[in-house]
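What follows is one chain in structure tokens, specifically the form predicted alone.
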């Protein structure tokens, strides 16, 4: 998911200075998980803007419909066309991708030139949960995890080194840039050792294909998914998920036993 946090209200109000009629739009994807674009967040934003004397129209996106998935989120934009036509600015409570996709749709499909502003700061691709997350993937376009024990040095290494540790690794295996952080390459070595695959470090590897980081990157899907068919086909998995037993990590089970 793309981690995000809401911008300071002063910054948001700075964007909207001199603009009276505001449309604020949420996101049913990542922003809902981070409570920056869910229904509650949109309502709270609208209340704050109203207190500042703004006239606000709210656009809610249900769980599972992200602002950046324009084939679905556009339904809600079109439904609120009249409000958007009459507004002075659109505030999008999503990651930067959602902001730009909405802006492009307004420009190219709806023919509306409107000021579009972000309500959130995107913090990168993260994994974890339910409350603690960390950046796990830089989206480099050339995944190397199969060669380095499933640990990505681009995000785990303080310097993003791809070919081994720097000369500043501490004696305790900590990172030169952060004494509280494990050196990514020490972790890679230790994991390969556990797997009995230290020979992987002796292999010559092709240079990382940084050309795949060129911007903006574009993708084409031959056949878009059918939302209805996909959701219907996933019903058994949704039911299993809903009926799941609460998960207790092993170290907590041991603590309770003690």
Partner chain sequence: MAKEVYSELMKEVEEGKFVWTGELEPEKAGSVESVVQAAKDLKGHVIACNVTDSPQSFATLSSLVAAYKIQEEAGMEAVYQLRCSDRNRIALQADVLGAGVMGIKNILALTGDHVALGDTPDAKPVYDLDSTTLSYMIRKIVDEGKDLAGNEIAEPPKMHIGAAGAPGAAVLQAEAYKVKRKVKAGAEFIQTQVIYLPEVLDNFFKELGDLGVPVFVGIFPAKSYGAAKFFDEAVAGVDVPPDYLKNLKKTKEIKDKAKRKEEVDRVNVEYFTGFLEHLKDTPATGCHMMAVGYPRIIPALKKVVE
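Numbering follows the first chain given and starts at 1. Think of the rigid core as the biggest set of C-alphas that the two forms share within 1.5 Å after superposition. This is a predicted model, so every value here is computed, not measured.
The same protein also has a form predicted together with the partner chain, omitted here; what follows describes it.
Colleague: Does the partner chain get within 4.5 angstroms of any non-hydrogen atom of residue 176 in the predicted bound form?
Modeller: Residue-level check for residue 176: yes, a contact with the partner chain.
Colleague: Taking heavy atoms only, is residue 132 within 4.5 angstroms of the partner chain in the predicted bound form?
Modeller: Answer no; every heavy atom of residue 132 is more than 4.5 Å from the partner chain in the predicted bound form.
Colleague: Does the 4.5 Å heavy atom contact test between residue 205 and the partner chain in the predicted bound form come out positive?
Modeller: Yes.
Colleague: With a cut-off of 4.5 Å between heavy atoms, is residue 210 one of the residues that contacts the partner chain in the predicted bound form?
Modeller: Yes, residue 210 is a contact residue.
Colleague: Please determine, with the chain shown alone, which of 80-88, 156-164, 113-121, 95-103 has non-hydrogen atoms within 4.5 Å of the partner chain in the predicted bound form.
Modeller: Among the listed stretches, the partner-contacting one is 156-164.
Colleague: Even though the partner chain is not shown here, does it sit in the predicted bound form so that 3, 34 and 43 each have a heavy atom within 4.5 Å?
Modeller: Checking in the predicted bound form: none of 3, 34 and 43 is within 4.5 Å of the partner chain.
Colleague: Using a 4.5 Å cut-off on any heavy atom, which residues of 178-197 would contact the partner chain in the predicted bound form?
Modeller: 185, 186, 189, in sequence order.
Colleague: Examine residue 201 after superposing the rigid core and state whether its CA is displaced by 2 Å or more between this form and the one not shown.
Modeller: Yes, its C-alpha moves 2 Å or more.
Colleague: Can a Cα shift of no less than 2 Å be assigned to residue 181 between this form and the one not shown, given superposition on the rigid core?
Modeller: Yes, shifts by 2 Å or more.
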